[in-house]
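As a starting point, one isolated chain is supplied in structure tokens, in the form predicted on its own.
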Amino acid sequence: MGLLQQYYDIIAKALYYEKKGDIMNSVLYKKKFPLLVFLIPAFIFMIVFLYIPFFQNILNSFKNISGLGTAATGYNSPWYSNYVEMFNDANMRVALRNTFLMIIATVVFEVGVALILALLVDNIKRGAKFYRIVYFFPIVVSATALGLLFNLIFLYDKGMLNQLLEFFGKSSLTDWKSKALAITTMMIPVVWQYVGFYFVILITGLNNIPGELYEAAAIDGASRFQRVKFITLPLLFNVMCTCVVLAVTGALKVFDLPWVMFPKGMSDTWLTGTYMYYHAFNTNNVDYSSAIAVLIVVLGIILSKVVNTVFKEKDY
């Protein structure tokens, strides 16, 4: 495999410098005004609908707001009381614990399973388009509809899963929403829904790998496993880094499907997203909800930085 590794390094470097030279020598976009015409409206849109609400939300986390649509009655005393309350809130600790479990499940199972499926589909000649549609289909279905569907599957009495277990001889019914099983029951649908999202990203990355590398490796006698190890995974590394960052940030704010299956954090299934929503719309504690939203953003930035540091992108 030494000869194969050297050949791979030479080809990879040649492709990199060829691409770099094309970019440097490009004559596109010499006129900057058309670019500004499209960039400025988008920038204004982001300021009005993203940055201003975000900074207003930070201010709201320090104020006393009794309900949605009501004006603040002033700043809390002390102004940082909501953040102190988060450290003393038992449900907030549960939400953070469950969210980190969701992050692990998302990275390991969503991205991991998506990578395996992408490698399998990339190596078949017939039916590839069919499998791409099938694996991507769950992501286009409403999360609310999926939550209702999985509620029927995990139903205690006459649920599909318990009926199957009864058919195979299990005498007692399983409460899939008990405290012991609730987190697993909640994570299974979330992972199942988003595997297709990362599958599409990874299969697109696989399609961008030059076929000549595989042909050269096959001529040199490399097995299929060796081709995956020495060609596919290294060239797919940057795409996998992107998937991991998206998985981590997505797990921090997941809301709709867990809320439909476990409303109001039943069986201690709070997540940061569902707990924020609960205080905003059920307890009318808007300022505390705003503080949780700020925490979610801060955690997203920190974890994204950590992931980017650990899985540093490489130049090929």
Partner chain sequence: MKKLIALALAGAMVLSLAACSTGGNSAKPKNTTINVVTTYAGNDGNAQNYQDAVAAWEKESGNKVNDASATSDESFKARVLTDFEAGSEPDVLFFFNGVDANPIVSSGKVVSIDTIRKEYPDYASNMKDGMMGASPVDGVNYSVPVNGYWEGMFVNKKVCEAAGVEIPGADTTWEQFLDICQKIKDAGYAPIAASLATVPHYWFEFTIYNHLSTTTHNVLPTGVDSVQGKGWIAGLGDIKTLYEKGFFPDNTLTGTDDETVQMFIDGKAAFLIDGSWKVGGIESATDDIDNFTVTYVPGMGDRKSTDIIGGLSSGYYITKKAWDDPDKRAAAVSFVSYMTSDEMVSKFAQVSATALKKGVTVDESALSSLAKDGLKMIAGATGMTGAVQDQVPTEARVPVFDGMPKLVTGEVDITEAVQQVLDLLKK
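Everything quoted here is computed from the prediction, not taken from an experiment. Residue numbers count along the first chain shown, from 1.
Only in words, not in the display: the form predicted together with the partner chain, which the text now covers.
Visitor: Pick from A71, V141, V84, L164: which has a non-hydrogen atom within 4.5 Å of the partner chain in the model of the complex?
Guide: Going through each option in turn, the one that passes is A71.
Visitor: Here the chain is shown alone; which of R132, R93, K177, R224 has a heavy atom within 4.5 Å of the partner chain in the model of the complex?
Guide: Of the candidates R132, R93, K177, R224, K177 is the one lying within 4.5 Å of the partner chain in the model of the complex.
Visitor: Of 46 to 54, 249 to 257, 273 to 281, 32 to 40, which is the one stretch near the partner chain in the model of the complex, taking non-hydrogen atoms within 4.5 angstroms as near?
Guide: Only one stretch passes the 4.5 Å heavy-atom test: 273 to 281.
Visitor: Could you confirm whether F230 comes within 4.5 Å of the partner chain in the model of the complex, counting heavy atoms only?
Guide: Contact with the partner chain, no.
Visitor: Give a yes or no for K158: in the model of the complex, does one of its heavy atoms lie within 4.5 Å of a heavy atom belonging to the partner chain?
Guide: Although the partner chain is absent here, K158 would touch it in the model of the complex, with heavy atoms inside 4.5 Å.
Visitor: Using heavy atoms and a 4.5 Å limit, would one call M266 a contact residue for the partner chain in the model of the complex?
Guide: So M266 counts as contacting the partner chain.
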